[in-house]
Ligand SMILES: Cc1cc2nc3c(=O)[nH]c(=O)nc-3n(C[C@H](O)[C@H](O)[C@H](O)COP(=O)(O)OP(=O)(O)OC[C@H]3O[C@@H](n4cnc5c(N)ncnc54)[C@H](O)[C@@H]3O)c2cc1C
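Have a look below at one chain only, the form predicted on its own, in structure tokens format.
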């Protein structure tokens, strides 16, 4: 057994972990150690934004699997999570969407803390980005992360007509998704640099890897936290087959919404009933660990055979997400209820074989932006090799089911506009025969896929039942913090990657 020590020990070099490593090691007197289970990813396919759906299940994907979902026809969904420097920014679709004011109003309501409001987070969002359109009142131009708002020269002609179709229905055309209100139609902002995927490791970690006070260790298995007298004192890990103890004054969990609660449970922190069932003795009772699990679902999809060849994407296949209110298509402010996205390719779940090839069709994805269904994550045993039990409890509430029906209705409405007439030959999925509520629900159960946004398993809140405090300290264990998507109390309307970076930026700004 060997030992090592740090002032700050960061567990996970994913999106949040890379931000933490950069910002916290900026103080040369602070010894920062980062542990990552994966390594440096050199797969050239990873750099190509249009290949993001096809690089899942490779060695840099944790490739989790949910338990069977009753409301999804008993299907188990694959959950891609990044394993390597940069975390899930290695695998995601590069969409950069902050969320809207109403999303963060809910965070303030949950925490009682204005630092999680839109107005307080805006400087963090601006500081992280180098926006292609330059700096203005809502965008920054000098940050580490490249954010591209594609112009007509890059946006597919199919997507341009899709946007025109949305506007013809009364949906407002907005500049981008990142101005505080998301209701409307616009191309997606993307984290691309020179046409290639830009990971958070590219942006935040690689430029500071030579700092003498920063050590990034890859290929590390973290078995458990070391807790003594109510305080975290480090972690027990395996490096190259050798067990090590790493001591630290502060430990920060940033391994994500799945890995964080699993580690805590293996360490004896969680719901005693769950721990006992898995053969783990309780060290610290925290019944909220692993609860509040939720995610975005998308219907894949409202698929059409094209009336003419669909040109290849010059971006990432999924070029535009149109966010809408259940109140009406013309709403411009407030909560977002449903989303319709245009994919420049045929897209379907594993349940279907639509027989439409690349260049022969297009898809309108559709989904629910603020799901109310909540699930749970558990360990099945005490070892890191014991498979987790992931139950997102999809479509448990009537709210989610009714909003999903509405989302499909809105997708069909956009596809049926005159602006889309030149592209629309035949609705392949769900097909014109699927019209009744029962038929639509049966289709959704087979068509729904994850949008890859699991959050909330260590929610922050002002209440004592929340595992994490509003300042991201873990309740009941001194010296332990959580900084990643697991602390999100309620999901934002769009992809959660930009909010995760803002969470990390906010934490480091006040860290002493």
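Numbering follows the first chain given and starts at 1. Remember, predicted model here, so these are calculated numbers, not experimental data.
Keep in mind that the form predicted in complex with the named molecule is missing from the display, and what follows is about it.
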Problem - Any non-hydrogen atom of residue 496 within 4.5 angstroms of the named molecule in the predicted bound form - result: yes
Exercise for the section: Evaluate residue 452 for contact with the named molecule in the predicted bound form, applying a 4.5 angstroms cut-off between non-hydrogen atoms, and reply yes or no. Expected result: yes
Exercise for the section: Give a yes or no for residue 261: in the predicted bound form, does one of its heavy atoms lie within 4.5 Å of a heavy atom belonging to the named molecule? Expected result: no
Practice task
Using the partner position in the predicted bound form, report whether residue 222 sits within 4.5 Å of the named molecule, counting heavy atoms only.
Solution key: yes
Problem - Interface residue in the predicted bound form among 292, 347, 94, 369, criterion: non-hydrogen atom within 4.5 angstroms of the named molecule - result: 94
Handout entry: Residue stretch of 113 to 121, 395 to 403, 82 to 90, 436 to 444 approaching the named molecule in the predicted bound form, non-hydrogen atom distance within 4.5 Å
Key = 82 to 90
Practice task
Check, residue by residue, if 13, 37 and 62 all come within 4.5 Å of the named molecule in the predicted bound form, counting heavy atoms only.
Solution key: yes
Practice task
Heavy atoms within 4.5 Å of the named molecule in the predicted bound form is the criterion; list the residues of 229 to 252 that meet it.
Solution key: none
